[in-house]
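A single chain, nothing else alongside it, follows as structure tokens in the form predicted alone.
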């Protein structure tokens, strides 16, 4: 087995580095604590070691060792459940919740990242066997670039236009352009919303984008992202300041309203654009005759 030591080390290092690249703190702030950060790095190391040892096990041959890959896959599936439970507990005390769809998307992402680390390690170990160190370095770099690009995913800005919008009141009904939101009874609250509130319109580029942002989970994810990046003046006793996203059913345009801590219109537009498109909200091209007619 000493003959394959270089193969195992090269693959394990490549997979672990790939996991470090994928595991970065961003505006979602998760994982945002040291123990969570370390646990995911360690799981990435285990996944990389399993991927790296597969090729030596096959070449030796020792097919029994390959069965550990199947065992690892079943263990990594449990990671999704663990992450889901953790995020659900964290979400209980959020003023503006992520929502179950967003939580499920994050949990799936962490599961997939371990598989990508394993795949990177596997490809690097194959390259090391075929071309030694130069080939392993090349394949490792290409794999890391691929996983970083693959995990980026679509954002709302890729499928929609986001433009500033006007907040006004129709008697006591809060309006964003022509989209009605909530009834605000207190005059003081209405005046504060007009003075400090911000709003945007999210305009879908096609019928598929329209179906995506129609999804309630996607709109909740947008509101949560805006809150994380700009803050909110909502508190438990001021529900009127809750960031809301409402859709115009006729046009498919979504209006978003918030009373942020940082009153910056450009930052609000950027926050909306950076919100990831959730897997559960994705809509494929409509292939029916009705779908083609609606897209015209």
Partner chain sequence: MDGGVMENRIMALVTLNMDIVAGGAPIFFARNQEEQVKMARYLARTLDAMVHDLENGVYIIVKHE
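This structure is a prediction, so every number in the text was calculated from the model and none was measured. Residue numbers count along the first chain shown, from 1.
This protein has a second form, the form predicted together with the partner chain, left out of what is shown; the following refers to that one.
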Proximity to the partner chain in the predicted complex, single hit among 103, 72, 96, 201 (heavy atom within 4.5 Å): 96
Which residue, 182, 82, 90, 151, is the contact with the partner chain in the predicted complex, using a 4.5 Å heavy atom cutoff? 182
So, residue 220 and the partner chain: in the predicted complex, are they within 4.5 Å at any heavy atom pair? yes
Would you please decide whether residue 268 lies within 4.5 angstroms of the partner chain in the predicted complex, comparing each non-hydrogen atom pair? no
Any chance residue 54 has a heavy atom within 4.5 Å of the partner chain in the predicted complex? no
So in the predicted complex, does residue 43 come within 4.5 Å of the partner chain, heavy atom to heavy atom? no
Region of this chain that lies against the partner chain in the predicted complex, out of 114-122, 82-90, 165-173, 134-142 [heavy atom, 4.5 Å]: 165-173
Counting heavy atoms only and using a 4.5 Å cut-off, do 191, 196 and 230 all touch the partner chain in the predicted complex? no
Those residues of 239-263 with a non-hydrogen atom no more than 4.5 Å from the partner chain in the predicted complex are 239, 240, 242, 243, 244, 245, 246
